[in-house]
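A single chain, nothing else alongside it, follows as structure tokens in the form predicted alone.
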Amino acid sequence: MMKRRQFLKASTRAGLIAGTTTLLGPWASLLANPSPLSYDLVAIKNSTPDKMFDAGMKALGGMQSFVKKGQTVVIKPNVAWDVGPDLAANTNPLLVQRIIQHCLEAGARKVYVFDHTCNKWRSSYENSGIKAAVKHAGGIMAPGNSEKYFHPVRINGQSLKNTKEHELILESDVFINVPVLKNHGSTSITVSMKNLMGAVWDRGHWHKNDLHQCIADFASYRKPDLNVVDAYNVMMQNGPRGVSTQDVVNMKAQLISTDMVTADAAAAKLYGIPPDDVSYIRLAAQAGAGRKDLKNLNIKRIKL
């Protein structure tokens, strides 16, 4: 369980960021998540998930640009579904494994991985292949199956005013968001911003109270230090769980950005739809949570 002093410190910091976002609008993202990096987005194609991540991080100055010696890291992939990697319903385990390795090589003290799953958590962790990948890399697979792991935070959004966020995110020094790009029946696609629904407890409230606006509201509050979009295999229909491998296209792609809105806008284009057709991307950009104007951003494209 989270220590009370740590929780109060994290909650205060979160509240300040949320308040700043409300007051300063588009400028708030620069204060809440400053980035000295050369590129707004790195897009990598034509290799395996681990090798694409190696190339992307090299372009961004290495994992040491994000993780310092002795820090604690939490990684949030999509592990929501009790299915194998071939359906591409969950984040590719090889990518998760390689990210952990990069973090530990950069000097991370501990690297945690968790998700608040939709199917039973133990079988989802196991059958997704992610539990084994985390163990192999030297990370720690943590549970997200109980409300006791989640603590209240204030959001100050239009539809989302408060929620309960997993204590690992509140406690850790570095937060890495690792969604899989795929089809979703409620939102057309799910990528970085929607992946954070697995970081909170009462996501049912989001579905009942303007899902797209709630996703955008939370994106204005919670900004990961790094977003790594897994687009190696992409589920093009029957999401979010998938039905068969016929739903999956092998795109061999990956997107890396500190900006969730940028990552999701690029992912939408890769998927084949305009970013503005995904309401939460448009709403988050309007709220100043990030930038979707890809033509005005500094993008590094790598083909392996």
Partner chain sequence: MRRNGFSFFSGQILLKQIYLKSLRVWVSLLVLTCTSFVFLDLLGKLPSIFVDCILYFQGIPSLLRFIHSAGWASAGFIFVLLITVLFGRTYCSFMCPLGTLQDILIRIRKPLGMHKKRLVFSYQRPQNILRYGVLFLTVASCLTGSLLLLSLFDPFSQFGRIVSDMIRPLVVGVNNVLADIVEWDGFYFLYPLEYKAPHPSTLILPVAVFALLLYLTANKGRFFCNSLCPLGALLGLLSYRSLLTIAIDRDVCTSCGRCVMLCKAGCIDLREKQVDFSRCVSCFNCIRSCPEAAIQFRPSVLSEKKKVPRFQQERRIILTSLLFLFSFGSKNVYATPTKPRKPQVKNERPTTVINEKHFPVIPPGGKSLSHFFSSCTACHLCVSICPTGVLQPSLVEYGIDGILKPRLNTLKGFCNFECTRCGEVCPTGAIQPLSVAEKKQTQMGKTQFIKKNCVVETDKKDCGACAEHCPTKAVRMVPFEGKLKIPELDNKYCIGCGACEHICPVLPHKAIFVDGLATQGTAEPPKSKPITIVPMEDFPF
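Positions refer to the first chain, counted from 1. If you're wondering where the values come from, they're calculated on a predicted model, not measured in any experiment.
Keep in mind that the form predicted together with the partner chain is missing from the display, and what follows is about it.
By the 4.5 Å heavy atom rule, the three marked residues Cys118, Ser146 and Met251 all count as contacting the partner chain in the model of the complex. Only one of 216-224, 94-102, 173-181, 201-209 places residue heavy atoms within 4.5 angstroms of the partner chain in the model of the complex, namely 201-209.
Although the partner is absent here, Ala133 lies well away from the partner chain in the model of the complex, with no heavy atom inside 4.5 Å.
In the model of the complex, at least one heavy atom of Asn238 sits within 4.5 Å of a heavy atom of the partner chain. At a distance threshold of 4.5 angstroms between non-hydrogen atoms, Met57 is out of contact with the partner chain in the model of the complex. Mapping the unseen interface onto this chain, Lys45 counts among the residues with a heavy atom inside 4.5 Å of the partner chain in the model of the complex.
The contact residue chosen from Ile140, Ala106, Ala137, Val153 relative to the partner chain in the model of the complex is Ile140, the criterion being a non-hydrogen atom within 4.5 angstroms. Shown without its partner, the chain has Glu167, Leu168 in segment 163-177 as residues with a non-hydrogen atom within 4.5 angstroms of the partner chain in the model of the complex.
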